[in-house]
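Below you'll find only one chain, the form predicted alone, shown as structure tokens.
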Amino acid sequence: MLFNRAMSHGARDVPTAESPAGDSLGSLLTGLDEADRETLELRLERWSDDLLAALRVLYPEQDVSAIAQRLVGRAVSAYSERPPELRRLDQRRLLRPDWLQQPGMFGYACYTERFGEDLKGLGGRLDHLRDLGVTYLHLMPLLLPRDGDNDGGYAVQDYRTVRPDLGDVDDLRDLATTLRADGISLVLDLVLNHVAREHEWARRARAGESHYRDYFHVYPDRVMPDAYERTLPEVFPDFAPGNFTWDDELDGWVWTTFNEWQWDVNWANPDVLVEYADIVLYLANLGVEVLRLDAIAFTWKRLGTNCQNQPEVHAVTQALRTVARIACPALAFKAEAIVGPRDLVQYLGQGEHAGRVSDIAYHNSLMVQVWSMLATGSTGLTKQALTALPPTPPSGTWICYVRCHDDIGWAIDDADAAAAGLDGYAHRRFLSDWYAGDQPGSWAHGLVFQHNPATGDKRISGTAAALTGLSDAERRGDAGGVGQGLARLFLAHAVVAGWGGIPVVWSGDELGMPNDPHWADEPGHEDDNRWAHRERIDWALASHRGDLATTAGKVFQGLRHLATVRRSLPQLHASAQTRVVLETSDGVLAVVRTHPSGSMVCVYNVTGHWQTVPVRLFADAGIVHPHDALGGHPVFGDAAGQASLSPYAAWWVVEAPVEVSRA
């Protein structure tokens, strides 16, 4: 039988339909019609080796055939339950595997309740997203969290239940269907590193069930916790020092990286992998198209390390990704790995994991460099840092962003800083002080988040308008300051939109909204100033999104223009090769993108002064008639062959359209 050949190809320990371990795959397939059976056989033939390879890395001392049998059985069940319209989406995605890399992708992220009150209300506000050009919508955690403080929803109590104040599972399924009809892909969070103390697994562990106690890292005394702590950093030193918590009911020390009520799960236990595979398949069958794998970098623990970015992390992703490819190949994975620049690319797949792990990952380094350039007016560090990154796998795609729901941590590599003539520690401190408004000449008005005097870590909260000086200038009625703030904000978004990944706008930034002055008034928010930049959408302000006489209208229409121009430029397909030009002046960042349709040169003046760029830069890239697609005008040089860039200018230079070049 083809199914048996597919499952046994090249491996002695691969399960077959007749294997005794786990569910009977043969009986599951028997219940399917011939076409569905053939579909599954072909998918298993294609992806079963990837599953087994991952399991051998994770569980080298265990019977991986039995684990694989359980996982494939769940994939077959999920496939049999998958709605017809989602099976059609699977076919569409398989025919266009680069759908996330298309230049028409344009993202938006928000909290449901802060955008539309609840899921139904959000569905009634989709005209706002359509106008902006959104094709990718990330809704922040909406699965049932613990009561009280819950880390913004990341302390999940039940992965299969929607927060009652937002609606129910049927509302989520209906919203996904509506979004899909509008060409918008729904993105949800899946927290992989931990669950809430109130989650069923943790409750049953506290009740004395050894099966569920093994879902967590539990120790009877401080011997092992102290051994781990010698090399573990603290994520939230202000309000969650240490990485272990004593629990009386559990009668042990449990691993709690983030908060005492967020228990890290034990991925070395294959039962945990099977549980999460079930959750992945359940959410995919609701219509979720992208899962953001939250805190993925922390999932594997190894003594003597910082327990981040361990090799097994990528095997975990590969195993989950393979199960999804068998049952629901339309589902994509996004790695939430806010890690150092050298560790970034691994989350898109390198070496044996190339093309087998996450489809997209956050380009945290690009975000940090955008803010560094704006603060310093210098591109030296940025050129060094972005050039030093390993090449992106052809199938991988970046999430590019000016900011997100989190604080900004200054992930600047000390080696990159040294190569650029800077001290890494001092530069990180400078950026924190600049964006807190504590440096002479700073126009920024951010808030210091989680200052750790022992390590010097000092992060920043704030909206894009607050950090670019726009909101404060508008409050003061400073027309010149508003103009400069707008220019900085547009430049920042142009850099991320022109990098080639999926640009994602954080809710409120499309209207130039300021920090929420009342962020601490809500219960549970008073110790976390990140809520200052997680403001509720001001719908009275949003009603002016088409009015260019208002600041909100200028910001909205400017970002809408970026989305519109992006769609027209094949050079912004994410697979295009990217090269940072090192020879430009210090105030100019130039990036060459090479695509079969033609080249593109993105040029950015990161200063408040006029700069020049040699016109030969465009000719060297093969552009005969340079045309700025953003501004809609030809690019000319002076007698010395230099083109002039106005303060904070952003150009996306391509070959002029035929009718323009002829004119």
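Note that this is a predicted model, so its numbers are computed, not measured. Quick note: we count residues from 1 along the sequence shown, nothing fancier.
We do not show the form predicted in complex with a small molecule, though everything after this point is about it.
- The small molecule is not shown here, but in the model of the complex it comes within 4.5 Å of a heavy atom of residue 405.
- Mapping the unseen interface onto this chain, residue 151 counts among the residues with a heavy atom inside 4.5 Å of the small molecule in the model of the complex.
- Remark: residue 292 counts among the residues lining the small molecule in the model of the complex, judged by a heavy atom distance of 4.5 Å or less.
- When contacts are judged by a 4.5 Å heavy atom cut-off, residue 264 does not count as touching the small molecule in the model of the complex.
- Contact with the small molecule in the model of the complex, defined as a heavy atom within 4.5 Å, is made by none of 198, 244 and 253.
- In plain terms, the part of the chain that comes close to the small molecule in the model of the complex, with a heavy atom within 4.5 Å, is 293-301 out of 583-591, 293-301, 124-132, 501-509.
- Between the small molecule and the residues 573, 429, 530, 203, the one pair within 4.5 Å by heavy atoms in the model of the complex involves 530.
- Contact annotation: of the candidates 416, 516, 359, 336, the single residue with a non-hydrogen atom within 4.5 angstroms of the small molecule in the model of the complex is 336.
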